[in-house]
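Same chain, two forms, each on its own as structure tokens: structure 1, then structure 2.
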Structure 1
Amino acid sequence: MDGAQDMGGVAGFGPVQPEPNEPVFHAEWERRVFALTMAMSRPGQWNIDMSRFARENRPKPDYLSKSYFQIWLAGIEKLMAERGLVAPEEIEAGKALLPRRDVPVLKADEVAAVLRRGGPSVRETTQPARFAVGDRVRMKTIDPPTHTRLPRYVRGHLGVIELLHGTHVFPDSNAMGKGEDPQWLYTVGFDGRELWGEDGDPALTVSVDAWDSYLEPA
């Protein structure tokens, strides 16, 4: 979806300020939010794209007013509430108030294996790729109402196929629970001036990973 999270190429946010030796978590509550998100995906039966969409699908002022893990917390609250895993009064109180649900539990001794396994998205296919390295393609101009991985700043622009990554779960359909719809995934390179006009850096190249549905022949 075209929400506040799609900041690529958007002016007005100032320069990125890297934090030297940045820790994974800045506070204990952030660690707990990450743990909750991992643990609740088992009883909630949602996938990674549904989880991303729950974080992105927020009004712009709300999204931009939250820190990274505050957005994660808002997303997990939404997913749990939609499935009846938590009630509004429990969120308000910060503790369980209703009878315990009989749900699958991620146990402490299972965590390391779950994190190592991750969420692989590669799928087998017998369908040949539509494009090859060196092919010129144009990114489609789309306005999706739900989750997508196609940045706004490349839509409608010309690029060149740089790499083929095999077939992967298509996030747009997976986020809606409409199936994985595996598609070929490509890395597409764009010239800086193609994206930013004559004021763009002629030495700049931007690479974007894009699914087959996002591309059309140039």
Structure 2
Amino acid sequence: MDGAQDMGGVAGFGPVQPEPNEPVFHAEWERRVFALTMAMSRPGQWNIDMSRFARENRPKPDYLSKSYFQIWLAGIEKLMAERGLVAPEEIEAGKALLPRRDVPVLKADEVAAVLRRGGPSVRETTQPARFAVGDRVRMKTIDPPTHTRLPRYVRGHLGVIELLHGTHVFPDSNAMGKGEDPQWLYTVGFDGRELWGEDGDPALTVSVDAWDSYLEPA
């Protein structure tokens, strides 16, 4: 999706502003949004790619005008509404209006184990890798209307395979509820001038992690 989240190389956002001694959260509501988002993935049963797509699939002005945790809030609101867990009217009213759905709940004594386990994306495979370290590849020029993790700034560009990571859940499919479709995942490196032209930094290399179907031999 050609959305505002795809920021690599976009000009005009100004300087980075580091914040000395930055706290983990800047307001109580950020703590709550963080914890609610983490906890609601149990009853909601959505995956990380669905979460990302719910945050990103919105008009650019909306994405750019919200702070980070405001985007998280909008994301879970959307995911909960889609699943009939919480309707927008209930949030407006501040009380339950629809019946509770019978769903599992994350309990306090499970939190440590759930965080410890995480959500590995690697999957067993018998399929051989199509590329080896050192192979030259060209990134496909695709612009799907749905979720993708192929950034605009590398599309169409020539790169070199730097690392193989095994087969991983394919977000483009997983975000849309169409299955995990595990594919080989590679780190692909690009020369700075390949990406940014003759004025690019000649001492720069940039890499992205890219699934097999983003690549073609070059």
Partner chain sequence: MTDHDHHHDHDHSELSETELRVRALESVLTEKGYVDPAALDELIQTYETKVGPRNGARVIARAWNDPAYRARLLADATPAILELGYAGRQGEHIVAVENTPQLHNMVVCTLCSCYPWSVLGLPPVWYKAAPYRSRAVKDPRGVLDDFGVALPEGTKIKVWDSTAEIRYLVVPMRPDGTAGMSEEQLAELVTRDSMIGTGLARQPAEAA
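All figures in this text were calculated on a predicted structure; none of them were measured in a lab. Basically, rigid core = biggest C-alpha set you can superpose within 1.5 Å across the two forms. Counting starts at 1 and follows the sequence of structure 1.
Only structure 1 matches the form predicted on its own. With the core held fixed between structure 1 and structure 2, residue 198 has its Cα displaced by under 2 Å.
Relative to the superposed core, residue 24 shifts its CA atom by 2 Å or more between structure 1 and structure 2.
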